[in-house]
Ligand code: NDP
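Single chain ahead, by itself, as structure tokens, in the form predicted on its own.
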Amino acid sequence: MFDSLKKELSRRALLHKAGFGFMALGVTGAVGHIIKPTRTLAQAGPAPSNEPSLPPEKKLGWAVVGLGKFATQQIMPSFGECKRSKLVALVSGDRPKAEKYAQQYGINPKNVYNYQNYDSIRDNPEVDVIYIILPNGMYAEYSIRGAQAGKHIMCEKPMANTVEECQAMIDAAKKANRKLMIAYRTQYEPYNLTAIQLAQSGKLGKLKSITSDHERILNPKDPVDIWRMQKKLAGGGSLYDIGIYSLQATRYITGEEPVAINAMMYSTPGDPRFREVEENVNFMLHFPSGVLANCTSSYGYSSTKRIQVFGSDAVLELDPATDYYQHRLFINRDNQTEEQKIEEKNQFALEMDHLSECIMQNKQPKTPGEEGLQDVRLMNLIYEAARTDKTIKV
């Protein structure tokens, strides 16, 4: 998520879209049951608006900070599906790259910034919102500077490396009277919203347990992974990068905050990828309602993005749960498995438009800075539980 290998490793220089897919229905499940298509369920939370797209002059202007793979392949193309947001500026340490994308997206060359003149964005009335897409260790600095420049802030997750940095970001936004939102895309994605609705409406019965697993291989030869091996830039290992999806899922599925944490952590001895950051974390959360959550994160094995919710009457499985464009949701009740058919929507466009709408209507975003602060606080407690081999009371 940064501009080039050479530039990413320097503090000052660091700094399509896949088609929507619909999985076929009516196939045979792994346990031999026929998976039946069902009607689309009502969606919870900030569902996609049926209102027409605003004309370009009415949309809020966004600047993207950092032109790495995630920004250029996911976020920037998604502005084409936004109803309230438009891309008007870029911030990059690689001028030729930024100019190429500016031309591609019809951005005025005067709206291309670098990391030295970033603060001058305050003088640009076209920019309403800044989207920070940098290595984790840089989120706090560029979010705070952006708020001080008078702009609203969208920041990628995890919000920052430390609780103190998170609080400083919140304080800066409040002092500037600007909105601060953390880009928890899954909380705007229709399949995850449906899972929340099913779990919290009682349609699964009384919730008993949740499992959430997020894993992928950390590739030391891939430029997008090099900074993830450095604690200063990454903040942590697999937990901070993808384990946060497991943690988030337990919180938004239950609608509760954990009261106790247990954890174990392990990294393969001698593996150079894990000199500074961890490979594997398994953690268990106890929620006030009695729900127990078993979660995993790993940089050591192939891609997994799965959430399972166990109720007294039915079991929900979302797999893939946190993909960019493809999801599947199954309900098992009385040994019969049914697949819920839900329309895929662009979660990036949904979350960006949500912040734009909140700014226009002066509302609190669904995932404000306090949400990001809570995750960083809980992840630090997970590390503490793993180090001490003790149950941590929250």
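All residue numbers refer to positions in the sequence shown, first residue = 1. Fair warning: this is a prediction, and the values are worked out from it, not measured in the lab.
Not on display, but discussed next: the form predicted together with the ligand.
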For the ligand in the model of the complex, the stretch among 145 to 153, 272 to 280, 104 to 112, 222 to 230 with residues bearing a heavy atom within 4.5 Å is 222 to 230
The one residue among 180, 134, 309, 166 placing a heavy atom within 4.5 Å of the ligand in the model of the complex is 134
Among the candidates 321, 138, 173, 76, the residue which, in the model of the complex, approaches the ligand to within 4.5 Å (heavy atoms) = 138
So in the model of the complex, are 251, 346 and 366 all sitting within 4.5 Å of the ligand, heavy atoms only?
-> no
Given that the partner is absent here, does residue 94 sit within 4.5 Å of the ligand in the model of the complex, heavy atoms only?
-> yes
4.5 Å heavy atom contact, residue 241 to the ligand in the model of the complex | yes
The ligand contact at residue 58 in the model of the complex, heavy atom, 4.5 Å = no
So, in the model of the complex, is residue 158 in contact with the ligand at a 4.5 angstroms heavy atom limit?
-> yes
